[in-house]
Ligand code: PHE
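Below, in structure tokens: the form predicted alone, a single chain.
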């Protein structure tokens, strides 16, 4: 039996609180902004099938491992990795994995906050009818005016960081848990409203067919790699967020069942986002492979042309901001927990210091869209470099290390005790996937994204 322990920061009231929080961490811009456009770029239904298989064989095994390590250590990712490694007779240098996760979360939140600020800035114009009958050039002008103004971006970036720190400063139950208890149902409700709106767009059947009817002739080897990479990143793995949330999980909650529930909820949101977006795209003869501009430069055209578009466009950007908010609070929590544990300062001060540091780093992303747009490193702007480093290098390596640590470094009996799986076959399946299949898949994704291998 696993020994009962509890984090000094508190714990979730029950497993459903964890599910809401972890789903909130996983559900973010990646589901609503990225998933629809990469699905559009990679042929639709066939890509979705590969993505779902990757969630099952890569995402869920690593999530179970990360939650298990977090609950076993009951501390910030840095201290959890160090203490767990030492208790298993291994090197304390495994704490570097915790540092990598916290640093990746720090980098991601710094630019995530800026992008989330875009969503906040679109709420009022969408509701006020600024997109009504607007042309493609008009929408491009609105977007370019936003990103070319450092002052505007700083205001929205600052507002989003204040919103994030205000939640985290209140603690696990009064801040994180209360926030997700209201924000996640609101997000789901808004998404369902938008799906209902899409059903009346006149092209719902066409959008659903594109999303769910596979055409494997459109699938390439690179599409498979994109699906593998997104399955990994969409669950917030390798950045310390799921590990710290796992440290607050009650001892009697099933890690496997809880992790699977979170993965399913995250996937459902991604699919619902597709059902909300693609019918609108088809109804307005827009391009499914519009890329990253699908949300901020393509959909506003559609909302501006459709009955009720102002109201539902406003709801869409509110939903996008809520999704970003629930993810952001999970990104800041690991560092805040470490500052409290190691520096003995209050949660409010820890939030203030780390939030300020994140805000300052975010200015680099703000300026990379305007006054620093010509400043590049290896052909990438500050924002692109930070995103590449965190998403393409730190996260996959972190996920790989989590898989290795959980099944090659930790003693099997320790893992068995913490997971407490009643079904031996289920444990063996997870152990096999995490020990052999998942590491190979993550290595392939990593080698592809850094350009060492290229498949077409």
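Every value quoted in this text rests on a predicted model; they were computed, and no experiment measured them. Residue numbers count along the first chain shown, from 1. Here the rigid core means the biggest group of C-alpha atoms that line up within 1.5 Å when the two forms are laid on top of each other.
Omitted here: the form predicted in complex with phenylalanine. The next part is about that form.
Contact annotation for residue 26: at least one heavy atom lies within 4.5 Å of phenylalanine in the predicted complex. Although the partner is absent here, residue 121 lies well away from phenylalanine in the predicted complex, with no heavy atom inside 4.5 Å. When contacts are judged by a 4.5 Å heavy atom cut-off, residue 331 counts as touching phenylalanine in the predicted complex.
Remark: residue 233 counts among the residues lining phenylalanine in the predicted complex, judged by a heavy atom distance of 4.5 Å or less. Out of the listed residues 316, 303, 248, 112, 112 is the one that sits within 4.5 Å of phenylalanine in the predicted complex by at least one heavy atom. Comment: phenylalanine is not present in this chain, but in the predicted complex one of 327, 267, 298, 381 has a heavy atom within 4.5 Å of it, namely 327.
Residue heavy atoms within 4.5 Å of phenylalanine in the predicted complex occur in exactly one stretch of 426-434, 27-35, 52-60, 411-419, and that stretch is 27-35.
Applying a 4.5 Å heavy atom cutoff to phenylalanine in the predicted complex picks out 239, 241 from 239-255, in order along the sequence. When the rigid core is held fixed, the Cα atom of residue 431 travels less than 2 angstroms between the shown form and the other one. Once you line up the core between the shown form and the other one, the Cα of residue 398 stays within less than 2 Å of where it was. Once both forms are fitted on their core, a CA shift of 2 Å or more is seen for residue 38 between the shown form and the other one.
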